[in-house]
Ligand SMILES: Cc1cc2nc3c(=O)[nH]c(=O)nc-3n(C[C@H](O)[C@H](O)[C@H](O)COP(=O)(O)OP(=O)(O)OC[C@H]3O[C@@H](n4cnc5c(N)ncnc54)[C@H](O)[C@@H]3O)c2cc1C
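The form predicted on its own is given below as one chain in C-alpha cells.
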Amino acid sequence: MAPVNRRILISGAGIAGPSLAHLLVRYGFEPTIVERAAVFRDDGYMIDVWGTGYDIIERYGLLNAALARSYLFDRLKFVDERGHELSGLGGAVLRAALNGRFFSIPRGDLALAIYETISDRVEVLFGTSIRTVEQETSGVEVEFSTGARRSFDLLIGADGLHSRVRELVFGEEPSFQRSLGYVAASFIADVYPHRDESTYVSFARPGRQISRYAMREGRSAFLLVFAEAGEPQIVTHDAASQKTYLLSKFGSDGWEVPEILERLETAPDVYFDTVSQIRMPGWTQVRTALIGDAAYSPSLLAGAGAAFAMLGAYVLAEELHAADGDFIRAFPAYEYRLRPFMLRQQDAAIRFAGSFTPRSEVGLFLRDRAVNLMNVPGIGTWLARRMLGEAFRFSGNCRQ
C-alpha cells in the first residue's frame, strides 16, 4: 500500500537533507529539497567517522564510497613554539579501541557521496529558500524566496544550526541556542610548505588552538578555535571582518601561526561561527519535523554532527515508513527513539569542549599528560573508548 503524506519538502541539501531523501525515495515517498545555495556545496572541514558514524554510513550502503574519499590519520601531536612535540598519540590506539572501524573524510566529500545517490531521482531547488510556512489540517503551504507557492504534506527542517524552518515554525534561534564559549574557523590553502603526512598537528596557547593537516593534491586544511569570555559575539558576517577578528586573536602567537595567517588572508572561503548546541523541548510541531543540527546540534567540537544528522534522517525515515506516512504516529516515535541518546551526546560534548581547547597553562599541561598516557598499552584503549562515547543501539525496535 502506498504511504499517505507522500509529498515531503526538505529544507537543506547538506548531509541531513539528502540522507533523508535517499531513504524516503526507497520507501515510496516523493521528497523535494530546497537549498539556499546556488549550487551544491562540497566544501567543509574534516570529520572523523567512528562508532555510530561508521555504523550509519554502512547502513546507508555508502561505506565503500566514503572510504574511497577518506583519509587515515595515523598520528595526533601537539607541538611547542619551536615545533617540538609536547605530546602525541599514534593511530593504532584509536584503531584498537574501535576495532579498526575509523577513518576521516572531508565533510563536503561525504555530503557529495550522499547527494550523488539522489541527484537524478529527487527534485532539488537550488538558490531558493523558504519565505513563509502555513500549516493546515490538510498539508503545509510554503512560499519560496522566488515568490512561488507550493503545497506539501510534510515539511522537514534539515537546514543546520541556523535553521530557517526552525525559526519560522518553532521560534527565534536564541530560544534554543546554547553557546559553549568558543568560536571556530576553518579554511583550506592550496599551497603550504609544511606537511606532516597522515598527522594532525596542533599548537595551543591558553584559550586558543590552531591545527593543520595535509590533504590530497598538495592542499592543507586549518582549524582555529578560541575561547571568548562570556557569550561569544560574531560582530559581522562579512568575511574580511571575520579574518581581521581572527588575526587579532592569533596574531601574537609563534610556531607556524604567522605563515598560517598569511594563507588565511587570501583564503576564498572561511567557515566562521560560534561553537553552539541547539537544545529544544521538542523537534516536531504539527506537520513539521527537524533533524540534524537544526534540532540537536551537539557542537562542531563534538566531531559527530554529520553522523548524528544521518542518524536522525535514518530514524525519522524508518518511523515514517513503519507508519505508512502517518506523521501523528511517526513523529513521536522518532523523538522517543532518538532524544535520550542525543541528550547524552550533547552533555558529553559540553564536557569535551574544555579539554579540546584548555583555557589555562595548567589545563594544557594536563591535556598533554593525558595524551601521552594514552600510549600506555591497555590504558590507551580504555581511555579512548571512554572519550569516544557510546554508539547508538540499532537493535530491538530498529526496522531494516
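No experiment lies behind these values; they were computed from the predicted model shown. All residue numbers are counted from 1 along the displayed sequence.
We do not show the form predicted in complex with the named molecule, though everything after this point is about it.
Peer 1: Name the residue from Thr128, Gln285, Ser119, Gln135 that puts a heavy atom within 4.5 Å of the named molecule in the predicted bound form.
Peer 2: Contact check passes for Thr128.
Peer 1: Determine whether any heavy atom of Gly325 comes within 4.5 Å of a heavy atom of the named molecule in the predicted bound form, and answer yes or no.
Peer 2: Because no heavy atom of Gly325 falls inside 4.5 Å of the named molecule in the predicted bound form, the answer is no.
Peer 1: Can you check whether Phe341 is within 4.5 Å of the named molecule in the predicted bound form, heavy atom basis?
Peer 2: Taking the distances in the predicted bound form, the answer for Phe341 is no, it never comes within 4.5 Å of the named molecule.
Peer 1: Answer for Tyr27 alone: is it within 4.5 Å of the named molecule in the predicted bound form, judged on heavy atom distances?
Peer 2: Judged by the heavy-atom cut-off of 4.5 Å, Tyr27 is well away from the named molecule in the predicted bound form.
Peer 1: Tyr45 versus the named molecule, in the predicted bound form: is there a non-hydrogen atom within 4.5 Å?
Peer 2: Yes.
Peer 1: Thinking of the named molecule in the predicted bound form, which stretch from 285-293, 192-200, 147-155, 80-88 has heavy atoms inside 4.5 Å of it?
Peer 2: It is the stretch 285-293.
Peer 1: Given a 4.5 Å distance limit between heavy atoms, list every residue of 295-309 close to the named molecule in the predicted bound form, or none if there are none.
Peer 2: Sequence-ordered list: Leu300, Gly305, Ala306, Ala309.
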